[in-house]
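Next come structure tokens for two forms of one protein chain, structure 1 first, structure 2 second.
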Structure 1
């Protein structure tokens, strides 16, 4: 028996979520006293086996097939399902990204098994007891999982990805699933690049504005600060609703979930939907005139003042120090 982890990648580039998955799975595999196996789908993913070993994968299965040229939820799920069956896996897990949860849900439907998504903790007793995020982070639910094969995902950004104290062997084994053409009903065929360089989801610094910015023109000072800090500008849903910034800039449950080193939230009240998207930030600085605003209350640091005075002052001080 084994613990099998689904690793995400994009055309041979390992997703950070995969490192989180392996970090979490190492502890679970140790508690279960089961070997930790990982699966990479697609021939181009094989070079990632060495990195998977650094994060604790004892065996890395590289699945290849004519239909596995790019991501497709049906083909990926059926591939992982067949491999889990062959390995007699006690559990299959991933990280709860859109892709991770989609693949795991497909497996659950095919096997008629329960699937617990977005877990924060796992107690692999008899039965298993898990705590997972519900309602966009406003509710933590305790769940009992009793199934022949456990299917779960770990909440994205709930675990800090760390290499194993000692790299595992990472033995590579080839796997060819039995797939028919119906598995390609949904498949990535082409991509359109909307942004290049750092993005909202990958930026080390995010400077966001909410309704308190006042207008589309008011974001000029935020653009300036973000450029000085090597970051990007985000916004709240109220801003996109007003047409001041595009939806692609929205931070939140219905926008982008971020995890920068610092999140500077200006003029944002911090409704639960926005907080869910920002709560994985390492540090949060709130700039707001309302001391009772949810973002101010939950932030690591807060400045109670007019953002239109504070933000330009921060930018000016950065320029002064760099000039000196």
Structure 2
């Protein structure tokens, strides 16, 4: 019996999410008193075994097959399913990324087993009790899990990745799954690489506008401030729904999660679905005419005035100081 962790990597580069997965799996494996195994799928995966060992993987299974040269949910899930079967794994876990959740859901569908997505904590008692996130993190759900093999994902960013106090052996074992050609149907056919500068998720400063901006043109003052600060412009869903800004700029549950040094939220009420996307910001400055707005109440700093007057005044002040 084992605890099996699915690792993600991008052609040879271990994903931070996988370090998180191993970090929380280590605790669980200790409580279950089961060995911790990891599985790496696809080409160029083998050099990562050492890294996995640092994070506590006793055995690293490297799965290879013609159908695993690029990502495909069917081939990946079937590979992990077969390995879990062979190891008689008590539990299989991944991190709740797009891929992690997709692969776990595919395994669950194949085995008709439950799959608990985006867990924050796992208590492997009798029965297993887990806490998972709903509403993109705005609400928590306690569940019990009754299954012969436990399938779960750990919410991304729920734990801070830390190497094991002592590196594990990380013995590499090759695994060749038995895959049907049919599974190539869902394999990635092509990649389109978009080169971008700083993006919403990586920008040190995000200047956002909500319905209070009033129009697409109204964003000019935010564009100006963001440029002066070397940041990017974000927005609320009310703004994207009005077609004032593209969805790529949306912060929130169904948009992007951000974590800048400072988030300047103007004309945004701070609905919970917006807030979950913004709450990881180090500091938040709200500019809003309504002192009761949730964004104002939850922010670190606020200016209670018309954004169309305050934002240009900030840009002006920055220019004045730079000139002086």
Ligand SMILES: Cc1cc2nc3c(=O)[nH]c(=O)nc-3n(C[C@H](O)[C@H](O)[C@H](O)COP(=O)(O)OP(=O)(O)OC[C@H]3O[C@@H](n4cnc5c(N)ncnc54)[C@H](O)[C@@H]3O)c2cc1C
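Positions refer to the first chain, counted from 1. Think of the rigid core as the biggest set of C-alphas that the two forms share within 1.5 Å after superposition. No experiment lies behind these values; they were computed from the predicted model shown.
- The form predicted alone corresponds to structure 1, not structure 2.
- Relative to the superposed rigid core, the position of the CA of residue 126 differs between the two structures by less than 2 Å.
- In this overlay on the rigid core, residue 244 has a C-alpha that sits 2 Å or more away from its partner position between the two structures.
- With the core held fixed, the Cα of residue 223 is displaced between the two structures by 2 Å or more.
- For residue 273, the CA shift between the two structures after superposing the rigid core equals 2.4 Å.
- Core-based superposition between the two structures puts the Cα shift at residue 305 at 8.1 Å.
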